[in-house]
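The form predicted alone is given below as one chain in C-alpha cells.
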C-alpha cells in the first residue's frame, strides 16, 4: 500500500464519523421544540456538512489528485466556513440573555475566499493549479493559493480564540443563574476547540502547504484523524443530550419590576423556609429564574441578596443545600441499613451526575482550606 493510499484511508474515517453525526442530528432535529435548540441543530447540520466536504477533499488530495484540483473551491470554502459556524454555535450556547443576532461580518472573509478560489478555478489552467498544489515551484498561482490557505488557518486560530473568550465570559455569568455545575461548564466545547486547532488544523496545513515533515511522516495522520473522530462524536452527543444551559433573556415584566422596585422583599428566614420546605434544589435544572418566580421576585434582586447575606453566588448557595442533602441521605441509609449506591444518593440530592457532586464538594473543600 502506497503512503498516499494509506493516508487517504485514514482521512476517510472522519468523513464517516461526520456523516454519522450529521445523520443523528438530522433525526433529532424534529424532536426539538425550543427555538434556540432548533437554531443550534441547524448550525450543527451546517458544520457537519462542511466537515464531510472538508475531509472528503483531504481524501482526494491523497488518492485522487486530479479530482482534488477540480474540488479545490469546495475544499477551501468548507475549510474557511467551519470555524465561523463553530463560533456561531458557541455564540448561541454562551448567550447571556441578550439574544443579539450573530454579526453578518463574520461571514465576509470566508465568502471572499470562496469567490476568490472559484475565480482561480475558472481562470487558471488546470496545469497551473496542479503545480501550485503538488509541485515545489513558486509562481503567482501557488503563492495565491498558499496565501489563501494561510488565511484559512488564521481564521481557524482566530475563531478558536474568540470562542474560548466567549466561554470564559459565559462562565462568569452562569454561576448566578444555574446550579447545574456539569451542564453549565462547557468544558467539552473548550476541549473540542483546542483539539481542533492543535491536532487537526496545524498538521493539515503542513500537508497542503508542502512542508516536508508532514508529507513524509505517515504515522502523524493517525494522531490527526482520531482526535477529529473523537471531537465529532463528543460535539454530537453533548448537543443531542443538551449538555448546556441557555440563559433566558430578562422578560419585559421583570425589567419593569426591577426598575420600579415592585417585587417581594426577601429575608433569610423566608428564603431558607422556602428551600427547606419545597426543596426545589432537588431538581437538577433548578435556576434562579425558578426561584424568582416562586418568591415573586426577580433574578437581579435574588442574586444580590444571596451574595450579600450568604457571601456566595447562586450556584454555590444551592449546591450547599444539595451537599447537605447527600449527607442526610447517607446517614439515613446507614441508620436503616439500606444498600444504596453513591450515585443514586447523589442523583436523589439534586445533582445531575456524580461529576457535578464531585465538583461541588471540591468547591466547599477549597473554601474551607485555611490560608498559609
Partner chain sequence: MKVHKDRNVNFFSKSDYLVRHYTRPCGREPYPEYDFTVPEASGTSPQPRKNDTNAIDMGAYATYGSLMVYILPICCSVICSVFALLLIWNYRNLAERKLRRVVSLYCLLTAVWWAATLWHAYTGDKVFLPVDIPFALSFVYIPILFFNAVYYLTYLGNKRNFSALNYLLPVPVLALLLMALAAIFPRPEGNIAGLSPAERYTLLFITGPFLRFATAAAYIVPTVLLLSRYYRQTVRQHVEADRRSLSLQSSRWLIVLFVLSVAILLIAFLPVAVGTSRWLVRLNAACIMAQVILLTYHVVRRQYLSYKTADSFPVTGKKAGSGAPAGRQHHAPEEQYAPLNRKKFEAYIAQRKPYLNPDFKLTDMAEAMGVNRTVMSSFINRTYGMNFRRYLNLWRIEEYHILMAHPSKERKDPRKVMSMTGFKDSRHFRRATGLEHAYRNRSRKGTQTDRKP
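Because the structure is predicted, anything quoted here is derived from the model rather than measured. Positions refer to the first chain, counted from 1.
Beyond the structure shown, there is the form predicted in complex with its partner chain, which is absent from this document and is the topic of what follows.
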**Prompt:** Taking 5, 16 and 355 together, does each of them reach its partner chain in the model of the complex with some heavy atom inside 4.5 Å?
**Reply:** yes
**Message:** Against its partner chain in the model of the complex, would residue 279 count as a contact residue? Criterion: heavy atoms within 4.5 Å.
**Reply:** yes
**Item:** Distance check, residue 31 to its partner chain in the model of the complex, heavy atom within 4.5 Å
**Value:** yes
**Prompt:** Any of the heavy atoms of residue 311 lying within 4.5 Å of its partner chain in the model of the complex?
**Reply:** no
**Message:** Check residue 229 for me: does it contact its partner chain in the model of the complex (non-hydrogen atoms, 4.5 angstroms)?
**Reply:** yes
**Heavy atom within 4.5 Å of its partner chain in the model of the complex - the one residue of 53, 326, 63, 45 that qualifies** = 63
**Prompt:** Picking from 144-152, 74-82, 101-109, 235-243, which part of the chain touches its partner chain in the model of the complex when contact means heavy atoms within 4.5 Å?
**Reply:** 235-243
